[in-house]
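Only one chain is shown below, in structure tokens, and it's the form predicted on its own.
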Amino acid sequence: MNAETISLSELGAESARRATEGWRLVTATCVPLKDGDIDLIYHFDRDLVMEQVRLTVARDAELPSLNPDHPGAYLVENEIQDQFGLRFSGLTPDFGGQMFLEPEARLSPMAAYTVVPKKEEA
């Protein structure tokens, strides 16, 4: 697989550029790395041509949601929140890590650490 490597700061612009050029987001793949970081690979399609964009992020990184440019992104981004504990800003709807997991779940199954749900302020 050939993937263009970008930085986290380039993700929003890359998403907007691909949407403008007619690319659609197919899905995203999350791969935990041995050093604790996570590889996030976005898969785009245009006219039956697939291209991938890869970035490496820290486990506690907050990424911009691709939802504004690619409305279907909310499904895979919510799944990544559930399974790996990454967070996406601007995600709508945002199930807060509970799209698949029950509220009492204390561990993202594919993450090697515990995620503690944020308590609402009184």
Partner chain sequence: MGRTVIPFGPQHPVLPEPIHLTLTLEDDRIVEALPRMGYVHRGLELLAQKRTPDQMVQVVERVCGICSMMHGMCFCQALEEIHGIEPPPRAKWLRVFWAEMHRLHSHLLWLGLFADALGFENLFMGFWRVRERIMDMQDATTGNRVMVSVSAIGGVRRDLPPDLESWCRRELIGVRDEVHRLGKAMLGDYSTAKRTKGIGVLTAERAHDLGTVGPVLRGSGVAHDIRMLDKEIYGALEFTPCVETDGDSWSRLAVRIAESEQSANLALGALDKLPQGDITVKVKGRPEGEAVRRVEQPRGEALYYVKADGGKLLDRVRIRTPTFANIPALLDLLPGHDLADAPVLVLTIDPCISCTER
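This one's a predicted model, so the numbers in the text were calculated from it and none came from an experiment. Residue numbers count along the first chain shown, from 1.
Just so it is clear, the following notes concern the form predicted together with its partner chain, a form of the same protein that is not shown.
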Q. Should M110 be classed as touching its partner chain in the model of the complex when contacts are defined as heavy atoms within 4.5 Å?
A. yes
Q.
Is D37 part of the interface with its partner chain in the model of the complex - any heavy atom within 4.5 Å?
A. no
Q.
Within 4.5 Å, heavy atoms only: does R87 come near its partner chain in the model of the complex?
A. no
Q. D45 near its partner chain in the model of the complex, any heavy atom under 4.5 Å?
A. yes
Q. In sequence order, which positions of 51-89 have a non-hydrogen atom within 4.5 Å of its partner chain in the model of the complex?
A. Q52, R54, H70, P71, G72, Y74, L75, V76, E79, Q83, F84
